[in-house]
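Only one chain is shown below, in C-alpha cells, and it's the form predicted alone.
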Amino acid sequence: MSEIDAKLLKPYEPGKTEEKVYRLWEESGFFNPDVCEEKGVTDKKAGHFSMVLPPPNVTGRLHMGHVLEHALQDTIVRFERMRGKRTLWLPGTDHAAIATQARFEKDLQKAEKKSRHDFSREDFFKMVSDFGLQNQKDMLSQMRLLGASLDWSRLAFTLDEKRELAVRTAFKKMYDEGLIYRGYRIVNWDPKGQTTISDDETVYEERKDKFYTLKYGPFEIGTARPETKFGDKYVVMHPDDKRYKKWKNGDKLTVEWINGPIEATVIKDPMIDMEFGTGVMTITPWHSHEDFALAEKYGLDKEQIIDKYGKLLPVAGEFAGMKIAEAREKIVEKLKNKGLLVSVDENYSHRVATAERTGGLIEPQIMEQWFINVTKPIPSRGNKTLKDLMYEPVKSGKIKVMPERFEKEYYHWIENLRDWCISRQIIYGHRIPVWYKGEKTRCEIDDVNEEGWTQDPDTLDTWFSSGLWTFSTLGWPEETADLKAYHPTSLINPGYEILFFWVARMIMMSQYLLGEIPFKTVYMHGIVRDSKGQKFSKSAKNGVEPEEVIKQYGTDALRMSMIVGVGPGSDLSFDIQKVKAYGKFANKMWNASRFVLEQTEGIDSENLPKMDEEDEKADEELAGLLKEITKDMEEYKLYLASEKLYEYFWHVFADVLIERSKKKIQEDKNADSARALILSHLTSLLKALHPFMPFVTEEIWSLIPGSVKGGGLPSAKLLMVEKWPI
C-alpha cells in the first residue's frame, strides 16, 4: 500500500491538515501578486483584481462576523487568482481610537484602579498602542487560521507611519481649501467618555420613561426631559395649525416658569408635527440637534443648561450642580407645586441616544470643535460639494451597491448629512496637525518643533483615517506602482451597518483627494446572529468562539456554513448543525477522492481515454454547470455557486457517477471511459470547490500523483494557483 493510499484510508482530519497547508501557501509566496507574476501564474490579458480587507478594530479578537467577511472575500480572491488575474488582497487593522482606548481604560481601572489621568499623554498613548498591537498580533494569527490568502507583505495599520503621513496630507489639503474648519456647533457629547462622537457612533435604545405634559402660559407642552427646560423661551407651532391661528410669528408673552416669570417668543415653523401631542413645543437650542437647527434658522439665543459632566448649571437656580437623574423628579415636584404639571404618562416609549463604546447617555452640546464642511463648493472639483462627490458615483452607476435596496438608504443619509465633527477629546489616535501660538494658527504635515507653538490636544475621528483606506494602503500620497496598478479597487465587502460610517466616507475621500472612485462594487454582507436571531453580545452570553468551532469541525466546514444560501445584505443565524453538515461534506469529498485515485492510478489527465456516449454527456453537463457557476462567481452570487457545487458533488458525482463507474469497472464494460470520467470530474470539481473549501481541496490535490495531474512528475504548483476549470 502506497503512502498516499494509507493517508486516504484515514478519515479527513482538518486539525492535522490546515496549519500545514497554510504554511505551504504562505511559503510559496503566491499570496503576493508580484510573485505570481514572476512565476508565470498570472495571465497579462486577464487584468487585475484588487480588494482591501475592511480593517478589524484592534480592541480584541475576531468574532463570527469576521469569519463571514473573511470567508466571502477569500472565496472571491481565490477565484480571481485562479483565473490568472494579478490579484491583490491587502490586509490591515484599524486602531479604532475610541473603542480601543475605552477598552484599555476599562481593563486598566479594573486591574490597577487607574485612569488616563494618572499618566502623561505620551506614556498613556504608548500603553494603549502596545495593547492594540498585541491584539493585532492575535488577530493576524486568527486570519491565518481562517485560510485568508492575504498578501502579508503589504500589511497596513491605520495608525502606522505611512498612514499617519496620509492622514496629515489629507487634513492639510482639506484645511487649506477651507473644507476643514474649527467652530461652535452642536455635537454629540458623551459625558461618560468625555468626548464627542459622530452621529454614526450613537446607538439608539428603546426605553420607557415618564412623559410630562406641562403648562406653558396658555399652551401645553410635552417633554421627557424637564431638566433641560430652564432656558426654553421660544414656543413653536405650525403656521397652518388652526388651533393657534390667533398667535403670530414673533409675538411675545410672559409666562410663569420653573424659576419664575419669563418672556416667551412665538415661532411659527412647518417643522412642527401638528399631530404629535398638542402641536406646540418649546425648544432647547443648546441640547437638541433639531432645536439648534431652528435657532440657527431664526437667529435665536442659545443657552447652556447642562455641563459636560452631566450636571445642571447656575441657570437652573436651586438645582445647580445636581446630576440629571438626581434633579429630574425634584424639578417635576416644583412644577407640580406651582400648578404647572398637567399630567404624567408613566409608560412613554422612546428612543434614547447612547454612546456605542461607553454606553453613556448622549448629551448634545454646543462646543468648539473641528468639522468637515460637506456643503461648501470645491473649486478644485468643479465647485461640487463633498455631498455631491459622495452622491454622484452611486447615482451614475460607476459604483454598484449590492443589494440595490441600500442605495435608497445611502441617498437619504447624504441628503440629511450635517457637517462632520472630526475632533475627539481622547489621547489615542491621530492627533490633529494644527499648532497655536497666541492668536496664530498653523496646519502642517510635519511636526512644528519651534518654541512657543503648541499642538491641538484633540485627536481625529477614526473614520477620517479609515476613509483613506483604499489608497493610503497602496502608498498614497506617493505616486506608487501599487496605486497605479490597483486603484480603484475592484470590490469592498463590509457589513451593511457601516455603509455610512465607512463606505460613504471612502467614496468622499477618494473622490476629493484622487478624483476617482475607491472601488467599483460594494457588496454589503449581513450580521451573524445566534440561532434565535439575536445579535451576539457579552451581556446575552450567546457568543461562539470561531476557534472552538474550527477545532471541532475544521475551517472549511465553518466557511461553507457562512456562504451557502446567504445572499448579499442578508443576516445569518449561526447554526452549529449547518457547520457539522459541511464537516461531513469534507469527509465525503475525501472518501470519493480515495475511490477515484485508487481506480485511476497511472492515468495521465492530459491524455485521458475516450469516453462513451453516456460519460461524454455527463462531462458536458459538468461543463455546463461550471459555466453557470463561473457566471455566478463573476456576479458575486457565492451563495448560489457554493450550493450548486455542494449539490452536484454529493448527489451527482458521488451518489450517481461514482456508483455507475464502480459498476462499469467491476463488469469491465467501458471501464476506461468510467475512469476518464471520474478523474476528469474530480480534478475539475476540486478546482471549483477550492475557493470555498481551500484546505481539504489543497490536501487532496497534494495526494494526486503527478502523472494524474499531468506532466509525469509531482506538480510544482499548488491548487491555489491552478487554472480555473473553464
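C-alpha atoms forming the largest set that superposes within 1.5 Å between two forms make up the rigid core. Note that residue numbering begins at 1 and tracks the sequence as displayed. Keep in mind that this is a model prediction, so the values were computed, not measured.
Although not depicted, the form predicted in complex with the RNA is the subject of the following passage.
Would you say all of Asp34, Lys297 and Pro457 touch the RNA in the model of the complex, counting a heavy atom within 4.5 Å as a touch?
-> Spot residues vs the RNA: no contact at all.
Could you spot which one of Glu363, Asp632, Glu164, Asp482 gets a heavy atom to within 4.5 Å of the RNA in the model of the complex?
-> Among Glu363, Asp632, Glu164, Asp482, a heavy atom within 4.5 Å of the RNA in the model of the complex occurs only for Asp632.
Report the residue, out of Leu313, Ile498, Val544, Met271, that has at least one non-hydrogen atom within 4.5 angstroms of the RNA in the model of the complex.
-> The residue in contact is Met271.
Ala581 near the RNA in the model of the complex, any heavy atom under 4.5 Å?
-> Ala581: contacts the RNA in the model of the complex.
Would Thr282 sit within 4.5 Å of the RNA in the model of the complex, counting heavy atoms only?
-> So Thr282 counts as contacting the RNA.
Hey, in the model of the complex, does Ser570 get a heavy atom within 4.5 angstroms of the RNA?
-> Yes, Ser570 sits close enough to the RNA in the model of the complex that at least one of its heavy atoms falls within 4.5 Å.
Using a 4.5 Å heavy atom cut-off, state whether Phe276 contacts the RNA in the model of the complex.
-> Phe276: yes, in contact with the RNA in the model of the complex.
Specify the contacting stretch among 587 to 595, 84 to 92, 512 to 520, 428 to 436, defined as having any heavy atom within 4.5 Å of the RNA in the model of the complex.
-> Answer to the contact question: 587 to 595.
Quick one: name the residues from 651 to 689 with any non-hydrogen atom within 4.5 angstroms of the RNA in the model of the complex.
-> If the 4.5 Å heavy-atom criterion is applied to the RNA in the model of the complex, 651 to 689 yields His651, Ala654, Asp655, Ile658, Glu659, Lys662, Gln666.
Superposing on the rigid core, is the CA of Tyr244 displaced by 2 Å or more between the shown form and the other one?
-> Comparing the forms between the shown form and the other one, which are aligned on their rigid core, Tyr244 does shift its C-alpha by 2 Å or more.
Does Gly277 count as moved between the shown form and the other one, where moved means a C-alpha shift of 2 angstroms or more after fitting the rigid core?
-> Where the cores coincide, Gly277 still shows a C-alpha shift between the shown form and the other one that is 2 Å or more.
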